[in-house]
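This document starts with one chain, in the form predicted alone, laid out as structure tokens.
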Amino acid sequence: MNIIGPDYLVFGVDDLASSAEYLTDFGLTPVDVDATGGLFEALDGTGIIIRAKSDPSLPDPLPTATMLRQQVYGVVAPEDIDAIAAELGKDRRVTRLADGSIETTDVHGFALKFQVTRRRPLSMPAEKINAPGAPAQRAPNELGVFPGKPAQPRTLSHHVLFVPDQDAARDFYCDRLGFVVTDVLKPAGPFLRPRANDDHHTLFFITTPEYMKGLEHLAFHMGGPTELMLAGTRLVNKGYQSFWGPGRHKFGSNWFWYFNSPLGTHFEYDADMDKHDDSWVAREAMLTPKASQVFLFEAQRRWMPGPDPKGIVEDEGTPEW
């Protein structure tokens, strides 16, 4: 089954206006958005769909506080949808829609949809670095950072679910849908990648009580650590609250910066994630306060070196970076 990863995550939200403003400020582009909600997309067309919580077009909500209403997975070809329908139809209802996509639920009741992927191919350079001992990646006079440097989410990277039974979740996605375990944080749960995606993970489970079942966070890939830092700084400057980061994870190696949101979950910028193939052997580690990140930054007041630091004041009119 050639599942690529999440095309869209669909939400039923309390406040459409504040959610739309947040998604736009996060860097996503509104597409056909009106008073009923709509799609906010990354550069490759993946993204977030919001509707009012009471919108009858949405799948039924989970009996918890989560606003996540559906995970929409992209696959390579129509034959993959047929294979998924045949497998999951053995023990659960699978509904075929007019466009050929299918809807169903997973082992914990999360609503799923599978469609031929809508994502657009990207052809964009990654962040360039210059390092002693290696050929320069940026030409002479080519700046690495400058005011107004673009920093937009490129693609929907991954999401993390709170589940009461991680073994059941792992077995469903691996045995029934062909996902692969890349690493495990014990006792939280496994990182998974689908067969048609070589990212370290597109899905991760964290074991929680039944009443907490839902979405813990979602992430978008950026073009590199500098874009991540720029996008996060711009979001902070707009008044949004940082939740965790910036820093760099151990499993996956990806840079991260998480933010609170009005969609009832955390939004993450990530960058520079590891790639894996079927020769990779999954690692295991115990979840401790330091197990997740190699390093973690803490925001400090702006400072400038000088003979009298007490005389240094916050600058005004700083260009938008």
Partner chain sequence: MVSTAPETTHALCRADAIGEGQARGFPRTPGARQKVIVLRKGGRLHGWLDSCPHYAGGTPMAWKTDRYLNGEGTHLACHSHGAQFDMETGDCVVGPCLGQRLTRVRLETGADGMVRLAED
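Numbering follows the first chain given and starts at 1. These figures come from a predicted structure and were not determined experimentally.
As for the form predicted in complex with its partner chain, it is not shown, yet the points below apply to it.
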Where, among 138 to 146, 74 to 82, 95 to 103, 240 to 248, do residues come within 4.5 Å of its partner chain in the model of the complex by heavy atom distance? 240 to 248
For the spot marked by K53, Y211 and H266, is every residue within 4.5 Å of its partner chain in the model of the complex through some heavy atom? yes
Considering its partner chain in the model of the complex, which of E216, E127, D183, D165 comes within 4.5 Å of it through any heavy atom? E216
Pick from A65, V294, A282, M286: which has a non-hydrogen atom within 4.5 Å of its partner chain in the model of the complex? A65
Flag S261 as yes or no: does it have a non-hydrogen atom within 4.5 angstroms of any non-hydrogen atom of its partner chain in the model of the complex? yes
Does any part of S18 reach within 4.5 Å of its partner chain in the model of the complex? Heavy atoms only, please. yes
